[in-house]
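First, one chain by itself in structure tokens, the form predicted alone.
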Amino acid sequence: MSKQQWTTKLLIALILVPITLFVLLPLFWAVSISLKFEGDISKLPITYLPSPATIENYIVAWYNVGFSHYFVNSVVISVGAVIFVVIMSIMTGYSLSRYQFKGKGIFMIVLLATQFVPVAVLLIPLFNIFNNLNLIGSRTSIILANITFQLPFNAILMRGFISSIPLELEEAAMIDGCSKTESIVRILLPILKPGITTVAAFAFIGCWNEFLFSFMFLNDPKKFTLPIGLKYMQGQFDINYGALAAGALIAMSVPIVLFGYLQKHLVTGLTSGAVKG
């Protein structure tokens, strides 16, 4: 390896190492606090490692605070919304990719423009709509709200994935006797798997982290999601930092595991949707 290559690698390392430490330090501190006894968290001098360590904070967060219910609610809401977002994104993306129709460009601009609309602007209209439908206080209202805000971006994303797949593959399947629907199901969808994985992952993370809709539309503590549960752990006069850190790590665990498991598919999906084939 030449001297210039060594110098380049050294410079990259000097840049990436501080950034990595900056990103991982808060996570390390949260893990450390979650494993400490309550009296050791604010004790001076500061100890960076728990000694002794305890899982009591996780037990308190999961059973006493109610994170077992919050976790299930977040999973139900996120999975329910993602299923509809993926299906509707495929349908919308396919239409935008394969068909030419009047107003197509304007429609795509409108889809993209919805990403600039603040969530808070639509809280009152959505609240009135869901209230008239008797959905306030139900998880259905959160699922519908999540679908509304996750669909436009993911539909545009799915269009890019579908555009990267040659139309000739579907036409060849139809020449061999497949109907339009069969060509999509048997030919397009298997090739589109990385794109579907990417869209599902982005939609899931968006739904999992959603706070404002759940905070405004849910009034039963048994239906709270994880972000709402974390918010109510911060009392007016007292905060159990150990349990709060444990709850935050529980909430982070699913996205971390999801991205770790789907990392290869996400990279494939993003690159395949970047260029039209």
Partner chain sequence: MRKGTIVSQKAAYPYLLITPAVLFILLFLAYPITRVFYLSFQHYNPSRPFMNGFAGWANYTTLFQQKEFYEAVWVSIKWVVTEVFLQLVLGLLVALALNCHFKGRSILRTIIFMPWALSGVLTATLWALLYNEHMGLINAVLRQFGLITKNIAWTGNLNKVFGAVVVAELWRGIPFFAISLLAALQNIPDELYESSDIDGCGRFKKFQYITLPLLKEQIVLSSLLRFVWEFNSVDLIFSLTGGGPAGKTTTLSILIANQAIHTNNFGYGSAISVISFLFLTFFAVFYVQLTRFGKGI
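Here, rigid core means the biggest group of C-alpha atoms that superpose within 1.5 Å across both forms. Positions refer to the first chain, counted from 1. Keep in mind the model is a prediction, meaning the values are calculated, not measured.
Note that the form predicted together with its partner chain isn't included here; everything after this is about it.
With a 4.5 Å cutoff on heavy atoms, Arg98 counts as touching its partner chain in the predicted complex. When its partner chain is considered in the predicted complex, Ala251 lines it closely, a heavy atom lying within 4.5 Å. Contact check for Tyr58: no non-hydrogen atom falls within 4.5 Å of its partner chain in the predicted complex. In the predicted complex, at least one heavy atom of Pro118 sits within 4.5 Å of a heavy atom of its partner chain.
The putative spot formed by Pro26, Thr114 and Ile184 is fully lined by its partner chain in the predicted complex; each residue has a non-hydrogen atom within 4.5 angstroms of it. Checked against its partner chain in the predicted complex, the residues Val79, Leu169, Ile124, Val72 give one hit for a heavy atom within 4.5 Å, which is Ile124.
Proximity to its partner chain in the predicted complex, defined as a heavy atom within 4.5 Å, singles out one entry of Ile175, Leu189, Ile83, Ile109, which is Ile109. Contacts to its partner chain in the predicted complex (heavy atom within 4.5 Å) from stretch 76-97: Met88, Met91, Thr92, Tyr94, Ser95, Ser97.
Remark: with the core as the superposition reference, the CA shift of Thr47 between the shown form and the other one reaches 2 Å or more.
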